[in-house]
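Shown next as structure tokens: one chain only, the form predicted on its own.
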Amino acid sequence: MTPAQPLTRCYEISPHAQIDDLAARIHGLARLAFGTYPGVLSPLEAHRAWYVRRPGMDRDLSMGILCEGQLVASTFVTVAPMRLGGQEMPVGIVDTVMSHPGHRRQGLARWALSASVDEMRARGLAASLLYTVEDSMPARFYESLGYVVHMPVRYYRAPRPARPTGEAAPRRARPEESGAIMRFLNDALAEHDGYIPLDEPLWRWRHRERPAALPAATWVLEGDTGYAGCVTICRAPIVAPDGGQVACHVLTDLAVAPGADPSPTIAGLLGAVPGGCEARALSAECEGAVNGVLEGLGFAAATREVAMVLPLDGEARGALHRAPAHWYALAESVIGV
């Protein structure tokens, strides 16, 4: 049951589809809500204009709360096919749950997210997934709505990743290779729960349509029979612990060909990380081999995020009883890139 409207002020809830000038309003709210939140992307207006065009972003499931015409709380819901418990199912990915600092403790986030969950259940989605900081106030809030911790994820930082000598050198992928790289990633990450299979719209949004302020390049390492590994490196301003900004190179879609040795492959791929600023990466707790390589190359876990899942049907409830052997951490929902 969706919570009743708060009585202390005149609030109204509305799907994002009915909110005018959404990107600008979201940017203004995010700047206030996340401007000093360590580890996330520093609020950029161009980023919000890009992010609301994310494939699968559902403006009828995403909710905003307005007070006298001002957006004071919001949550995004992206619908995508995702592996959970070893099988693909329709999942509502929740992120950017936020409230205006002057309107907190009114139950607005609970109202918005509960309304989104009601709509996801009515739509017939199997589950909802979100990421948050482990053992935090938001994590306890999500638990109160029925979300359960499913997979801890390490948020790695490396001031200067080590560059081992003697490893094969990666090369920058060419534009005409996008189809081959999508096929490689879908094959390499096929057994990873939490993974959204790549298609042309998602690839185009992540790579060709991204804002100039967040440049990204994909690098591949050649093997004897094709690609041995792949990584995308995005330069982005990240909120620092002191509330300022730090320039980072964020690693996404780090993948190793099935059967390949992850140690030399990942070490070789990290040779593409430019100097001049620190690198950041996400990796699930269950990825022992990958984590060992990253830590051997100078990465250390700064914080721990958790993937939390709310099962909406019996299939998803059964999936939560099967511990994943591999997990793909979704950087666009954790960091924003």
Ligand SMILES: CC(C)(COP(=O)(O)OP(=O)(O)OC[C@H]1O[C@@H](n2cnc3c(N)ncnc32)[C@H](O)[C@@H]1OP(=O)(O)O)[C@@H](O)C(=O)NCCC(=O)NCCS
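Residue indices: 1-based, along the sequence shown. In this text, all values refer to a predicted model and were calculated from it rather than measured experimentally.
FYI, the form predicted in complex with the named molecule isn't displayed, but the following is about it.
**Student:** Which residue, Q106, N186, S263, S178, has a heavy atom that falls within 4.5 Å of the named molecule in the predicted complex?
**Tutor:** By the 4.5 Å heavy-atom cutoff, the listed residue in contact is Q106.
**Student:** Among A33, I26, A272, V293, which has at least one heavy atom within 4.5 Å of the named molecule in the predicted complex?
**Tutor:** Contact residue from the list: A33.
**Student:** Decide whether G146 counts as a contact residue for the named molecule in the predicted complex under a heavy atom distance cut-off of 4.5 Å.
**Tutor:** No.
**Student:** Does at least one non-hydrogen atom of S99 fall within 4.5 angstroms of the named molecule in the predicted complex?
**Tutor:** Because a heavy atom of S99 falls inside 4.5 Å of the named molecule in the predicted complex, the answer is yes.
**Student:** With the cut-off set at 4.5 Å between non-hydrogen atoms, does R110 touch the named molecule in the predicted complex?
**Tutor:** Heavy-atom contact with the named molecule at 4.5 Å: present for R110.
**Student:** Using 4.5 Å between non-hydrogen atoms, is W205 touching the named molecule in the predicted complex?
**Tutor:** Answer no; every heavy atom of W205 is more than 4.5 Å from the named molecule in the predicted complex.
**Student:** Which one of these stretches, 52 to 60, 272 to 280, 34 to 42, 285 to 293, sits within 4.5 Å of the named molecule in the predicted complex when only heavy atoms are counted?
**Tutor:** Looking at the other structure, the answer is 34 to 42.
**Student:** Quick one: name the residues from 131 to 153 with any non-hydrogen atom within 4.5 angstroms of the named molecule in the predicted complex.
**Tutor:** The stretch touches the partner through Y131, T132, M137, P138, F141, Y142.
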